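Take a look at this single chain, the form predicted on its own, given in structure tokens.
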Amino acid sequence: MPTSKDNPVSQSAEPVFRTADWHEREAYDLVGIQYEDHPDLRRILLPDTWQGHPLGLDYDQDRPQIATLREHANPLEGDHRSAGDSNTMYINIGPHHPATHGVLHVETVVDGEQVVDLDSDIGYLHRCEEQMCQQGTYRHQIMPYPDRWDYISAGLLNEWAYARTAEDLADIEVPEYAQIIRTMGAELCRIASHMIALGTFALDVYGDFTAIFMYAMRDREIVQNILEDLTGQRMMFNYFRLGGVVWDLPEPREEFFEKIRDFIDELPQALEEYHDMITSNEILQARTVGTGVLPPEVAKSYGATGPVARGSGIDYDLRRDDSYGYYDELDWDVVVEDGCDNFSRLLVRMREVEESAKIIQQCVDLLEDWPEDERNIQANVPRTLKPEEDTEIYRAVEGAKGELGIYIRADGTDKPARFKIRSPCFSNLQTLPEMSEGEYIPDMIASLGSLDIVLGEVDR
């Protein structure tokens, strides 16, 4: 239920769903909503000394922000080791450390060798993407931003989240031909994202830079070349448009299809090499089997989605359960593992690469035979979109890392009144304490790597 503008106070949902913890802290931080009975209502993205709430309508952007050295001093200075016989110690992991997958600061308390408590300190990469989208027009100015949320090769998946939301908001029907192109491009992005997740995870767990990491980057590079042929860009694609895509497949089409088929044909052998080097590796098994355990009921409470949820035996995939694009016309399977540990999450991503390849193969077959006079890449979209005032919508897609959703509230103009990004990495990262408490620091690093977060999407 909406809160009063004069006194924005709401009841906390955290006692019912643990995932509400961070989401309510974010709403408090950026909008200024107070949540009664919240266990730890404090800022999450901005410094504690920040004045005001940046997404509030009454926020003064010209107000100076003052942060003294004393306010940012280490609060535990002189108290890193507890008195007496205890071995409790406070350790900073990150924010400048390769194992934190970006600028993540993990405040960790260990008792001897074991983790007893940790707190993920995020916000180092916060760019106020939601505010920027609120200042852009639906039709032309928002689409370039999604590429920059999860910038690890997942650009088309991000773009689809916005496209699906805005298209449903404006009742735009995408041509079937364009839906197939979108589906093919999205699955190429999923493979590229999973490849880098695979390579960096091996790097985290047992430091194999020369073989597995370079093999994964090699195969990702092939996908990047295909995506560059399709979109003209290697990372910030800006290829989707409301109602379709910006242009048709590259010419000559036969060469483009041949390049994709060559990649798909060689993928089984590459995956077999990965399994030889990774899943049968004794060091990796010792580090991942039985570590970072996330039971399904805990994963659901934290709102975990994507490979993190499916690695805990949760059979949920938006491509099937809230179908969009061309997925419901194709033959593919949802990958689920019930080990609930770091190893299961690794297996899910490796097996999902195979399913993505099946989807891409079917898309290529369809596009190859599509009649030339029916290749409609865009619907007829009005130049200016002005949804009715107070219209609300939430739509999501199955991103590489989980459910990437967008909430939009319209105000009758050509710009959103409210634009909220539901980041899968943001929710998935909340599970890290549950997986790490009672385990060793190396196990915590493996658990963090198995979440496959990117801080650009966590902080936005």
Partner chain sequence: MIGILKGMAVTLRHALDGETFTVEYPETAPEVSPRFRGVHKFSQERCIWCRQCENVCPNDTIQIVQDDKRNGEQYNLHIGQCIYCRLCEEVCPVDAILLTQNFEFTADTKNDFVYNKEQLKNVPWYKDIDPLNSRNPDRNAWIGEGEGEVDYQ
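Residue numbers count along the first chain shown, from 1. Everything numeric in this text was worked out from a predicted model, so none of it was measured.
The same protein has a further form, the form predicted in complex with the partner chain, not shown here; the description that follows concerns it.
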Flag this candidate site as yes only if Ala13, Val293 and Ser301 all have a heavy atom within 4.5 Å of the partner chain in the model of the complex; otherwise mark no. no
Tyr326 near the partner chain in the model of the complex, any heavy atom under 4.5 Å? no
Does at least one non-hydrogen atom of Ser280 fall within 4.5 angstroms of the partner chain in the model of the complex? yes
4.5 Å heavy atom contact, Tyr145 to the partner chain in the model of the complex: yes
Taking the partner chain as it sits in the model of the complex, is Thr231 near enough to touch it, meaning that at least one heavy atom pair lies within 4.5 angstroms? yes
Tell me, which of Val335, Leu249, Val353, Cys133 has a heavy atom within 4.5 angstroms of the partner chain in the model of the complex? Leu249
Name the single residue among Leu125, Val381, Val116, Leu366 that comes within 4.5 Å of the partner chain in the model of the complex, judging by heavy atoms. Val381
Which among 165 to 173, 345 to 353, 150 to 158, 212 to 220 is in contact with the partner chain in the model of the complex, heavy atoms within 4.5 angstroms? 212 to 220
Can you tell me which bits of 126 to 144 touch the partner chain in the model of the complex, meaning any heavy atom within 4.5 Å? His140, Gln141, Pro144
